[in-house]
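Two separate entries follow, structure 1 and structure 2, each one form of the same protein chain as structure tokens.
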Structure 1
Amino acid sequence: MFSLLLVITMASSLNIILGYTGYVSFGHIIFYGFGGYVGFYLISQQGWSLWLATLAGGITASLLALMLGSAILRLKGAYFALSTIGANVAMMAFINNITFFGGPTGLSLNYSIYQDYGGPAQAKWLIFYTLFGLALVTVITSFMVKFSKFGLGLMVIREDEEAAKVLGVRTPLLKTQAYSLSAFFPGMAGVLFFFKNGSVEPNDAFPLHQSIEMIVMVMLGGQGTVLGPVIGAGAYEQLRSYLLTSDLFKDLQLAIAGLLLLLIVLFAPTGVIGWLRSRSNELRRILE
């Protein structure tokens, strides 16, 4: 359940930039890792509370996206996608060389910290319920964005950015704001996850394959919809759990994810939600 809530948060946040704005980000995991690192550092080295550190992780991830977005969102299509991969690799190398972040060995918690939250068992449940709330807020935010003037501007950019400029949409500002908002929730989720684990290191914080899996989740459920990333995250997490515990398929997890992404693009570009909506006018009114 913890893993499921985590991927729902990640997929729904990615949908803001991928689904509503049309920009495919292969490096969205950078915000999860960077926000997680900042929050974990504040807890383990500076004695901050979990709540303040989690909020700080989200804010710093959002600020990072604001700075990155002002530069790379000038690019489009494959150029933007490649730049996000480069940003993720660069951030991992940067963290590897920062001594107060522990370098390549990362950081670890003094487990006595958990006593401030009622002990390890109580802390685990506290983190679980916090992540549940974060996942819920992420989905609600996605809904609010879609049905707002801001979201309408994003969707115009997705359909035809040049036409959006002619219509007076401030495309650079809206894209950067969407990118920054989409980074806030992964940054907070990273803090919660690493606090639960008690340690963080670069390879765990910036795994490129998780960014690819997030894209699969969004497209599987239906990009640009509110429920799509939730359904896609749930379905893919179940598939992933089966693959990882299967003697036959455990080493083919990423290959199957890539094949699934290819099949979705070729045969079901609107995902599960889009397919259901196309089958019934009633479902078209209900499903978003």
Structure 2
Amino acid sequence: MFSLLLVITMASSLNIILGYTGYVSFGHIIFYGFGGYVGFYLISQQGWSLWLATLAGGITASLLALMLGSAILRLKGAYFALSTIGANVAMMAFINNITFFGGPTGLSLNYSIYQDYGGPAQAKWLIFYTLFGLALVTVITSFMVKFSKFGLGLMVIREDEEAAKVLGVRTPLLKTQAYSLSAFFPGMAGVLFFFKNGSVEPNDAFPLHQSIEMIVMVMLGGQGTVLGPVIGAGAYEQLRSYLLTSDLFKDLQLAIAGLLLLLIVLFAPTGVIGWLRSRSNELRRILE
């Protein structure tokens, strides 16, 4: 359940930049990792409370996106995608070298800290509810963005960035805001998750393949829709846990996920929601 809530949060926030704005980020996990690292550092080394640290994780991830985005959002299409991969790998390698973040071994918590939250079991529940709340807030935010003027601006950019400028959309500003917003929730989720695990190291924080799994989830459900990423995340997570626990497939989990991805790309590029929408006009109005 933890990972389900996590992937819903991640996929829904990725959808803001990928689905609404049309910028394919191959390194969205960077915000989870970076925000998580900052929050974890504040808790474990500076004695901050989980709540403040979580907020700080979200904010620093947003700031990172703001800085990074104001540079790389000028790039188009494949160039943007490549630069996000580069940024992700650079960040991971960078954290590896930062001594106060523990270098390659990372940081860990003193387990007594869980006592402040009513013991390890209690703390786990607390995180669960918080994560649930976070996932909910992310989806609600995604919904509000979609039906706001801001969201309309993003979708105009997605459809045709040149035309957007001509229509008066301040494209650089809107793109950066969207990127920054889409980084906020993963940053918070990172703090919660690392806190639950009690430790963090660079390889857990910045796995490139998870960035791409997020894209798969968004695509599977339907990019640019509010519910698509939620459905996609749920379905993908379900499939993955089935494959991982099945004797027959557990070694082939990745290969099967790859095959699934290929099938979606080739045959259902608009995802489940897109497919349903194209079936009927009535559904189209409901399934935004």
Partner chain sequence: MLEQLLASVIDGLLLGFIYGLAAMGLTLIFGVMEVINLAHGPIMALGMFGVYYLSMEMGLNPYLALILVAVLGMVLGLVIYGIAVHRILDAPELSSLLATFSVNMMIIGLGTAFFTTSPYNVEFSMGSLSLGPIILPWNRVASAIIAVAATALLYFFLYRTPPGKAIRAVSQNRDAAELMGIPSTTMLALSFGIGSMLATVAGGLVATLFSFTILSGATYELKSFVIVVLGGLGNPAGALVGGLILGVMEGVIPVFIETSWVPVIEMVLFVLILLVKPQGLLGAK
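Think of the rigid core as the biggest set of C-alphas that the two forms share within 1.5 Å after superposition. Structure 1 provides the reference sequence; residues are numbered from 1 along it. Computed from a predicted structure; not experimentally measured.
In this comparison, the chain shown as structure 1 is the form predicted on its own.
Relative to the superposed rigid core, residue 70 undergoes a CA displacement smaller than 2 Å between the two structures. Core fit done between the two structures; CA of residue 247 shifted by 3.6 Å.
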